[in-house]
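Only one chain is shown below, in structure tokens, and it's the form predicted on its own.
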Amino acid sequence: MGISERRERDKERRRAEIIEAAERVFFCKGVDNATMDDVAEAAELSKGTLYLYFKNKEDLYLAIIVRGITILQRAFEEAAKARKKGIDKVAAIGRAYFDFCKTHAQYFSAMLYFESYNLDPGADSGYGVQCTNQTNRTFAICEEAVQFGIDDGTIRPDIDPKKTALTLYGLATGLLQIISIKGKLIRQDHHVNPDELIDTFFDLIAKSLRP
């Protein structure tokens, strides 16, 4: 390994260490309350060193979001590959999304931040663009599953794959937010197990997609 390769490897290792420290800080304090000083302390580095790798706090948070979306993409790919029929691929991807939000709740919150916060991807060092590109690749898996179902006859042929995938994503995300925020109230006031809402969601979706 040459000197330049070794330096690049060390640089990437340091970048990963900073991101891991930032995760601990942001996930504990929240992105609005956390500061670069907090991250520098957690990473045991000077704040100046952080700025050698990340433009600002938002840039660093975007790097965390890229990690989360990458995990989700892999989960979608594995879910889709594990099923043969299109309708089953769509359901498996949906289940993977719900599982991701339970297992990686902090990443899910970070991803919502990316979608709702007024960040300018073109103004950062590239992580905003990476988030957008990674999101598009992940979404494409959903769209392809719907198209696969149309082609194999397990999904209605009169629907648009892209619009359907976007709608399913929006419905699933909305339900996940409600369960996350109002889960206890749903159980107390309506005497309904929030997990049953997820089963109802998939039942309704399956009925609406089948020919």
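Given the structure is predicted, the values throughout are model-derived calculations rather than measurements. Rigid core (definition): largest C-alpha set, two forms, superposition within 1.5 Å. Residue positions are given as counts along the sequence shown, with the first one as 1.
As for the form predicted together with a further copy of the same chain, it is not shown, yet the points below apply to it.
In the predicted bound form, at least one heavy atom of residue 178 sits within 4.5 Å of a heavy atom of a further copy of the same chain. Using a 4.5 Å cutoff between non-hydrogen atoms, residue 189 counts as a contact of a further copy of the same chain in the predicted bound form. The closest non-hydrogen atom of residue 168 lies within 4.5 Å of a further copy of the same chain in the predicted bound form. Using a 4.5 Å cutoff between non-hydrogen atoms, residue 10 does not count as a contact of a further copy of the same chain in the predicted bound form. Here is the short version: of 55, 47, 156, 67, the single residue with a heavy atom within 4.5 Å of a further copy of the same chain in the predicted bound form is 156. The stretch that touches a further copy of the same chain in the predicted bound form, counting heavy atoms within 4.5 Å, is 169 to 177, out of 22 to 30, 37 to 45, 146 to 154, 169 to 177.
In the predicted bound form, a further copy of the same chain lies within 4.5 angstroms of at least one heavy atom of each of the following residues of 127 to 151: 132, 136, 139, in sequence order. Residue 16 shows a C-alpha shift below 2 Å between the shown form and the other one [criterion: core-superposed Cα displacement of 2 Å]. Comparing the forms between the shown form and the other one on their rigid core, the Cα displacement of residue 45 stays under 2 Å. Residue 180 is among the residues whose C-alpha shifts by 2 Å or more between the shown form and the other one once the rigid core is aligned.
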